[in-house]
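Taken one at a time, structure 1 and structure 2 that follow are two forms of one protein chain, written as structure tokens.
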Structure 1
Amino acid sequence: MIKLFKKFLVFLKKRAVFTVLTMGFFGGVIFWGGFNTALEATNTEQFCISCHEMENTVFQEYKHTIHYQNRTGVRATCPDCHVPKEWGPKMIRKIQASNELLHKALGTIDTPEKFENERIHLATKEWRRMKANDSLSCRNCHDYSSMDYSMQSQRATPQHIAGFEEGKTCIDCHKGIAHQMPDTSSLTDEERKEFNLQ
């Protein structure tokens, strides 16, 4: 047995470069598979609501919206709206989420009262993110060019047309769709203008 092991070591020494490359390749495949598995596991609605702060607040609000249950059965889950689909932006968002884990550990919003006190801050942060990426998460499902204005309400059609012509993005007008609208009375005039809340 020892002779066989020594022969194996000699074989590896003779082919050191090949061995290192082979081990690196398989190590990379295993690392990438594990990394991707962990990434996808944290990209589910079940993971998002595993924190009672989310399950008992915004998830309960979301369950009463058209994004949760509708006539077509198409559901937009937490990651559909809060995590970009493209790899680069998804990684940036996941890094930003580490701050949310810190606040989970600190107990920043661990009671309904604390959550309500932070709701406007959380909402404005999300509105800014969506404004910066031109409401990409909305546009992953809703395509302007596919809209049939004849199927929309008399109020929605002119507002959509005017909004698109003015270069507005979904979040400019559609706040409080999946979650309760926060109390905006603490916002400054500049912030009210920024968020189109005049």
Structure 2
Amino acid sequence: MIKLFKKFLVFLKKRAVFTVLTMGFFGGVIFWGGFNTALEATNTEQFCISCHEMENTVFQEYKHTIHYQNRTGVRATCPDCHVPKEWGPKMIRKIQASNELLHKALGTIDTPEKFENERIHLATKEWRRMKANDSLSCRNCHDYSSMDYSMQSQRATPQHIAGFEEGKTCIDCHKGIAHQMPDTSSLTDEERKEFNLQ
């Protein structure tokens, strides 16, 4: 048995390049698989609400909305709206999100009162992000070119047609649909115009 093992070692020594390549290949597969698995694990609703900052505030509000519970049972969970689907933008968003770890440590929103004070700041940040990418995370499911206006409600049809003609994007009107709308009275006139608020 020991002899066999020795022979195997000799074989490896003779074909060092082959050995390195093989190990590199399998090592790479394992590393990449592990990295992706870990990344996907942080891209789930369960992970998001593992912090009480998320579970006690925004998640409770989201539970009453159509993206959480609806007729057909198709759901949009946290990352569907808050993390881009493509690899590059996803990586950028994930790296930006490491800032949240700092604020978790600082306890920036660790009480309902603190969260309430930051609500408008957090919301405008997300509105800006969605406006900048043309509401991409909405459009991953709600494709404008696939909308049948005749099947929409009496109020929605003219608003959608006019809105898209004006070059508006989803978030311009559909604010506060998954979480509660913040008090917008503290915004300046320019900001109100930017966010299409009256």
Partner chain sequence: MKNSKKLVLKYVNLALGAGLLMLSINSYAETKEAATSDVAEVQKELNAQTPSATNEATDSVSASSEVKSSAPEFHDFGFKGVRSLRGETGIVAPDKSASIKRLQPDIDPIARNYFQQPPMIPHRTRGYQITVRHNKCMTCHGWDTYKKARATKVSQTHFADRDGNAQSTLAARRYFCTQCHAPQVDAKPLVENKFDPVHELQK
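Being a predicted model, the structure only gives us computed values, none of them experimental. In this text, the rigid core denotes the largest set of C-alpha atoms whose superposition between the two forms falls within 1.5 Å. Structure 1 provides the reference sequence; residues are numbered from 1 along it.
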Of structures 1 and 2, select the one representing the form predicted together with the partner chain.
2
Which of these, 54, 140, 39, 64, is at the hinge when you compare the rigid parts of the chain between the two structures?
39
Rotational displacement of the minor rigid part between the two structures [degrees]:
14
Supposing the core is put in the same place in both forms, how far has the CA of residue 6 shifted between the two structures, in Å?
8.2
Looking at residue 19, what is the CA displacement between the two structures after core superposition, in angstrom?
3.9
